[in-house]
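The chain below stands alone and is given in structure tokens; this is the form predicted alone.
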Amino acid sequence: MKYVIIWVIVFAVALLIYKITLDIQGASQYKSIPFSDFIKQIDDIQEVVIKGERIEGKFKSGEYFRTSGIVEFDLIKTMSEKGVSVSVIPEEKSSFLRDIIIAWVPTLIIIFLFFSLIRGIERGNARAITFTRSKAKLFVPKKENKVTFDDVAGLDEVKEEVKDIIEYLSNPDKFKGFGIRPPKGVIFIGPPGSGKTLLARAIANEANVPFFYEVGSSFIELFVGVGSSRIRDLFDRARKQAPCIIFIDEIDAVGRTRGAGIGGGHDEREQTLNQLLVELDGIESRGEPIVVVAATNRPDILDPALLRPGRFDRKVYFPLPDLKGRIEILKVHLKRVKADPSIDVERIAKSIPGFSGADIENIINEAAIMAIRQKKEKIDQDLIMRARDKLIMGVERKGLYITDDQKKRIAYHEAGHTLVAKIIGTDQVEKVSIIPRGRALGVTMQIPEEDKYIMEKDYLLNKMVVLLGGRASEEIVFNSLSTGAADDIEKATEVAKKMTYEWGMSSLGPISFKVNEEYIFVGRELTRREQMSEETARKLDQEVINIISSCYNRAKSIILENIDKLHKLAQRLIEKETLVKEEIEEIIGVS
């Protein structure tokens, strides 16, 4: 009965709107006048159209009019004698059925669909709106292209940490028999490209269980409630496939600390996070063989409730691979391409410190593309090193026209970096080039002899001296300055600031003046001026200036003492454009 009344009201309102619309459309062009005025103004009329009792016409002034009345033959004769153009059209009978079909069918279809949607939602059918469904992709273990632990190289400690997850998914009853709480939530923490997603898929394949892949940002939509609906749908799907793994990549998109957003507790993202917390608790209470794995490179911004015991209580850290790890990763990726067996994997691994697994894969892939382009049957050492140079320094821009004067300045700039680096004895200079690459007009590539996890103060000061060597060389040789050292100055200043503000390597002592990021998520970050006195801020600024000035003066001193070697190195660079390690040592005489 309720829906019948609603339909009657909707029909009546729609009929009224239709009538008003017709009246408005007519009124927008014709002016209604009384029939008596029409007779009086016959001399001013230009033309008339008579449709039964309805009369429409046009005045000589151009204005349209409308009236109604019975027009007799004498009146028509009179209008014709006065030069009025008279047209008589038989009145058409209005088709009520046709009007209903044209005006009401589309409207009623839309209303019917709307009410069907509302009734579906009232009945709890979340699938009535398709965008409330989870977008998670389901991967079922297959024999072909199966990712296993053998494909995950350079993460031996991490693989040991997650083996009990495989054991639990393979035999959940074993854990129940011991009366222990099995692992339910595991969060992978590490830099981009370190193998978090790859390891999650390998865990699912090793345990031979389905794998749901979802991205944290896909839960957040414009409409309120969509995120929480997708969370519910994801876990409902997972329960039907249990035992299984749910992998949520970039969970920081939905798991940020609550209360930090502009919307407060009513923020859509926070409602989604609340639903995720409830579902995680539901897994534990039901004892379902489901493991939720999440990945992020920003663990500092996650909500504490997400990381408490019983939810994501196990944290697994993914470091960047060391030398041994890089060698293993290179071997894994070289297996899937046609590679020359004589490739020195260890030398390549030493030349790419700080590279992630994804970076290494990209190098091999780029080298394979180069091999196809040059019609080579295999990837060799030279192609891999060229691919490395391309990814580190950018693509060579040999077509860029540079004048001789600019080329000379660039050569002396890069020679300054190289000379200072060789004299000081800091990281080895692998290659120096004045061929423009990417955004740089010249490049000096330095490779550390070993992976550095701790940097001493002397090492940092030497790095800054090398960075400022190019600027010092330009000033000494040309007695002028240019913008070519902008990037070097920025990097050197950043190191000096970290030494002063964070690492306690200044005359102010072992004190941290690091900027507090407590309010960064509410759109306001405290500046250091707000956290310390003006006097302390001035001392810090002066300390940074002193460090930079000292390093710059040292760079100038080294170049002045070895000016002949600088000229030789720059001249050879102008001639050859690129010099490798052996050629540099031959010119400078320093190994």
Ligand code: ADP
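Each residue number is its position in the shown sequence, starting from 1. A quick note: this is a predicted structure, and the numbers were derived from the prediction, not measured.
Quick note: we don't show the form predicted in complex with the named molecule, though the next part is all about it.
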Exercise. If you check Thr444, Ser194, Thr500, Thr272 against the named molecule in the predicted complex, which one has a heavy atom within 4.5 Å?
Worked result: Ser194
Problem set entry | The single option of Ile327, Val477, Leu277, Val152 touching the named molecule in the predicted complex, heavy atom within 4.5 Å | Val152
Exercise. Are any of the heavy atoms in Ile511 no more than 4.5 Å from a heavy atom of the named molecule in the predicted complex?
Worked result: no
For this session: Determine whether any heavy atom of Ile348 comes within 4.5 Å of a heavy atom of the named molecule in the predicted complex, and answer yes or no.
Result: no
Exercise. Is the gap between Glu361 and the named molecule in the predicted complex 4.5 Å or less for some heavy atom pair?
Worked result: yes
Exercise. Is Leu198 close to the named molecule in the predicted complex, meaning a heavy atom pair under 4.5 Å apart or at it?
Worked result: yes
For this session: Would you point out which of 186 to 194, 426 to 434, 400 to 408, 160 to 168 contains residues with a non-hydrogen atom within 4.5 Å of the named molecule in the predicted complex?
Result: 186 to 194
